[in-house]
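What follows is a single chain, given as structure tokens, in the form predicted on its own.
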């Protein structure tokens, strides 16, 4: 018996999605690695979140609340959306798969920009949907008119805002134009706002306030990136009540553990920590953009998020080579050749603290200048 032949044909053809944050695959001490490959808060979790975890150890013998009532109420209070418009996931990635499982039927066409986060593609392929790609412009932006043209006869369209790995926001007017046209065409728009909290407030193009106006709009947010609860896995989706209700029927029970729930609730009350994170990223984004742009052979894409996409072709190095050389300095970066639409000359680096960013720049200069 060959077990593989018993699996669904479209499942047999799936290949794992590649991500940053691969510290567990490294052969040396994880504690000594500076991880610039994962786009998460360099400060880690809020102190209030850590205390909430410790104070919630007594909950471990009990099943968590499968309806996530307390978490929904906390998020509702924080963002001004009714709990009935929320669904909680084991990280926002679980919700990507849940959404595709519920709404993408076999052979239905789905529109995905390229390059972007790879799990949209994986979720659609797992649901046995068909993918249409819209490649970004030469400066890595979404052409709203081209996006709308591509939406014809498409069931779902995915957008990451700010986009990963480019770090660029889609302007609010372009988003409304897309969502409005999609609603007329009965197309669902899935918007990933995991990195929105890092974006400059004057450029923020979140669609959360539009959720009651568009029945076809669904948004995800995460506690992974801005709030630093990366290893606990908790995120949420925002949609109209009908979409939330039907997705809740399919969601596995007890999908979010009690410690993750406690940490998420606590971190939403820590405005001091959020303000500190926002200021840090703003200052270091400007610092890193300036420093990285001065490295010979680097072309840095301006970013609205907490990371930079960089073309290194003129250095004479490929991304894998640069990644390998930086590991000797204890630095891990993201090699981006696994992103559709990018080649072997793109890397991505996250924004960390000033001391860590200075060390990155020092190491890069040594590698680029001296090999």
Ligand SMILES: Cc1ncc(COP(=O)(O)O)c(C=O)c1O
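Positions refer to the first chain, counted from 1. Worth saying up front: this structure is predicted, and the values here are computed from it rather than measured.
There is another form of the same protein, the form predicted together with this ligand; it is not shown, and what comes next is about it.
- For a residue to qualify, one of its non-hydrogen atoms must sit within 4.5 Å of this ligand in the predicted complex; all three of 117, 160 and 225 qualify.
- Interface residue among 218, 147, 195, 273, judged by heavy atoms within 4.5 Å of this ligand in the predicted complex: 195.
- Put simply, of 167, 91, 237, 129 only one has a heavy atom within 4.5 Å of this ligand in the predicted complex, and it is 91.
- Residue heavy atoms within 4.5 Å of this ligand in the predicted complex occur in exactly one stretch of 117-125, 173-181, 296-304, 251-259, and that stretch is 117-125.
- In the predicted complex, at least one heavy atom of residue 233 sits within 4.5 Å of this ligand.
- In the predicted complex, this ligand stays beyond 4.5 Å of every heavy atom belonging to residue 281.
- Taking the partner from elsewhere, residue 96 is found to have a heavy atom lying within 4.5 Å of this ligand in the predicted complex.
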